[in-house]
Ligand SMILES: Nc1ncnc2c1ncn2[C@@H]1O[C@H](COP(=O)(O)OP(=O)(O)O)[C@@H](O)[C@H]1O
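Taking the form predicted alone, here's one chain by itself in structure tokens.
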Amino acid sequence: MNSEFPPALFITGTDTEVGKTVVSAILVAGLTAEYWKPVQSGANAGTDTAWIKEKTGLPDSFFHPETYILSHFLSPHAAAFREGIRIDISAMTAPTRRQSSHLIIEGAGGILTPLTETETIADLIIQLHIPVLLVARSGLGTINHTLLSLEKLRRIGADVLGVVMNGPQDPENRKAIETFGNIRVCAEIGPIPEISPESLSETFRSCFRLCELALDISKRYR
């Protein structure tokens, strides 16, 4: 199954707190992949890199340093301004893989989360030119947020593998997203009672089902 995934994946979301980091951890564990978070806000409360390292149990060599670490739990552009830091998205180049054939890149917030006064996560996706998985909530309100996010991703020319729905299964919402978004839901991630290397790997094996679009994209990126 691992060979069916593109060498690199960009994990973005419909909003903040939709489960991007959990999905990233599942992919890192399931693919034994390397991980990179280009911009980390709210580092005073810990980093996503440190959390995924702890939960997957992988060695330090699988984790690449953030390009920007910001202390305040704010949008990156606001946190950077408050801390006197100037974010330059041209400095964010995907690291070379050292230990794995896969690299998981996790964005910050949603697609239009500002990184600078004029640039957003969408601009970073364009620059990196890496296929995208969109993480969405499974519950009420997700249809509108997901469809708008898909529309933006397609408008900027991103290769979207599919949608990952995070939370209790909702067949009606899944059907609406697939129908109106003309997309496949690649995985539905339910609550994980205890997050560990074993439970993350098992969730990967049981939840991810790649669609034809994903396979087509993976061929183009080899």
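Only a predicted model underlies this, so the values are computations on that prediction, with no experimental measurement involved. One-based numbering along the sequence shown.
Omitted here: the form predicted in complex with the ligand. The next part is about that form.
Scanning 153, 69, 186, 195 against the ligand in the predicted complex with a 4.5 Å heavy atom cut-off leaves one residue, 195. Stretch-level contact analysis of 156-164, 56-64, 173-181, 186-194 against the ligand in the predicted complex, using heavy atoms and a 4.5 Å limit, identifies 186-194. Using a 4.5 angstroms limit between non-hydrogen atoms, residue 18 touches the ligand in the predicted complex. In the predicted complex, the ligand sits within 4.5 Å of a heavy atom of residue 22.
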